[in-house]
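Starting off, we have a lone chain in the form predicted alone, written out as structure tokens.
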């Protein structure tokens, strides 16, 4: 993992990113359109050679954030810069050239591969799109990237249905790497895999980062995986980042109540520690992204909530320990 100086110029800069969706309001609908507040003012950076883990419950907006960075979803407002270049203002053709440096690995390794194409053709497709396919050297490049992800070059002749889930995900990673990008958006890259296979893919990603110096935005809900791969961690709740900082600080002394609740629910390998620790049980359901609560969005489930939490939204501020927390009453608590 990265040892990049946090003061260096970031490879990726996300500033005040907002993504809203319009739902309903069709011809047969009696109601007007509803605005879904999927991502609301998200800010973070990723340095060269660094992994930022983006975690939160299902529906918190983390996948939409990744898609907005890739320009697969149009941002309502805000800024996304890669190497200082603003991406949100680029048209489709301009963005096509940027994709050689910004690639994605999707959650479902089978769904992301064309079942009618051989592995070799799937991996080579980006070369063809960018008009870099060379008949003399193309197959060699495919073989090299297959070796890079731990697969025999002979796999190029196979079809996706002939492979295991772990092998298919390695193919997805190989396809993302063929253009030698500077950054990968990893959207739940191991959640669809068997537990026995997950460790191999996670270790592969760490090895690739060490060898290639590539940066990752690792989107996931599995806190144990994020802890293993990340340099820094950002925690999202209902479209907003509530805590972000070095992974050691986040995991050893989380200061936001939501982060504390998430970590308390993560299982520990040590059965003695698991029995002794206090689990935080959240009450109520996650509010609708169509009608988020006023003030702090977590207040409806927070045991520390007071009047100010309903009237004033807490800003993401640097707290003791050096990381940023969006809470009126932050308090470092050991939960693991």
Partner chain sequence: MPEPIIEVNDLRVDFPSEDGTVHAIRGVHFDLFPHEVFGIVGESGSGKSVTSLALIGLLAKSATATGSIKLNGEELLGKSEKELTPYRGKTIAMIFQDPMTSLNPVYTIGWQITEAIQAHQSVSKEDAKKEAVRLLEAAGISQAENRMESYPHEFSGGMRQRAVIAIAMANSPQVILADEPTTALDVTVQAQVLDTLKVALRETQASLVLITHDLGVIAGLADRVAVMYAGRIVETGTVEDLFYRTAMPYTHGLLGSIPSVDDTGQERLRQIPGAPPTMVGDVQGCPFAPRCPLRQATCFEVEPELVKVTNSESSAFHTSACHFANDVTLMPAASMFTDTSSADESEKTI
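Numbering follows the first chain given and starts at 1. Only the largest set of C-alpha atoms that superpose within 1.5 Å between the two forms is called the rigid core. Every value quoted in this text rests on a predicted model; they were computed, and no experiment measured them.
Note that the form predicted in complex with the partner chain isn't included here; everything after this is about it.
Note on the partner interface in the predicted complex: the residue among 262, 87, 238, 75 having a heavy atom within 4.5 angstroms of the partner chain is 262.
Of the candidate stretches 288 to 296, 302 to 310, 275 to 283, 36 to 44, only 275 to 283 has residues whose heavy atoms lie within 4.5 Å of the partner chain in the predicted complex.
The partner chain in the predicted complex comes within 4.5 Å of no heavy atom belonging to residue 81. When contacts are judged by a 4.5 Å heavy atom cut-off, residue 255 does not count as touching the partner chain in the predicted complex.
By the criterion of a heavy atom within 4.5 Å, residue 137 is excluded from the residues contacting the partner chain in the predicted complex. The closest non-hydrogen atom of residue 207 lies within 4.5 Å of the partner chain in the predicted complex. For the partner-free chain shown, 57, 58 of 51 to 87 come within 4.5 angstroms of the partner chain in the predicted complex, judged by any non-hydrogen atom. Remark: with the core as the superposition reference, the CA shift of residue 307 between the shown form and the other one stays below 2 Å.
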